[in-house]
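Shown here is one chain on its own, the form predicted on its own, set out as structure tokens.
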């Protein structure tokens, strides 16, 4: 499986230079108070990892990978593990940069706010992963873009309906007791989401014909 992970990292290596240049620009904008950089790098790496599916299709990688021992399982698992590791690495980099920016701008570091913001960012990026990867494995990257658009559009409509016709204030008040357990709850939910997403993707890929 390590070989599968190295393959994905090798494919996105060419993007590291561009990421570095954009990161410098975003940090400068953050120092000027024009941008919050907390979400940029992790979301960017997820989009880059999603692009590896396109490279796999172009190079007929999947047809080759299934001929290897445990090829189907390792192919899916390595994609998830590599993406999660890249999200964690870029999140750590972002946390360090946020500390530096905060100290330069205010001479203090708001550790709690930065860490909570990054926790939300990690949760958001992994949420994107859990939705998109099974859809990509099912329909392919090109068709998945349409499917994702339909899903997002549907969620927006549902969200608009809830905010317009449902009184969410009472629900919010009843959930205030969960605030002290927010971090644990998010971690548990994230682990469950990623696991379920992986199992779905693995099940789809195991039945695919190439």
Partner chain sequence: MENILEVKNLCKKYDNFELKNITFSLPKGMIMGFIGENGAGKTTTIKAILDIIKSYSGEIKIFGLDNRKYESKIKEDIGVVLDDMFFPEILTPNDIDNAMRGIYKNWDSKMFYDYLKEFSLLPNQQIKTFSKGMRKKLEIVTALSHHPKLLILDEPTSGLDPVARAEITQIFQSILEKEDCSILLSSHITTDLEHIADYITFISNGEIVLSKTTDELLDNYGIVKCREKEFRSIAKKDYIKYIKTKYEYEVLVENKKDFKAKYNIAVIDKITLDDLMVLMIKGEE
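Predicted model only: the values in this text are computed from it and were never measured. Residue numbers count along the first chain shown, from 1.
The discussion below concerns the form predicted in complex with its partner chain, not included here.
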Identify, from the list 23, 186, 193, 11, the residue with a heavy atom within 4.5 Å of its partner chain in the predicted complex. 11
Find out whether any non-hydrogen atom of residue 68 is located within 4.5 angstroms of its partner chain in the predicted complex, and reply yes or no. yes
So in the predicted complex, does any heavy atom of residue 63 sit within 4.5 Å of its partner chain? yes
Non-hydrogen atom contact residue 58 with its partner chain in the predicted complex at 4.5 angstroms: yes
Against its partner chain in the predicted complex, would residue 72 count as a contact residue? Criterion: heavy atoms within 4.5 Å. yes
Contacts from 3 to 18 to its partner chain in the predicted complex (any heavy atom within 4.5 Å), listed N to C, are 3, 4, 6, 7, 10, 11, 13
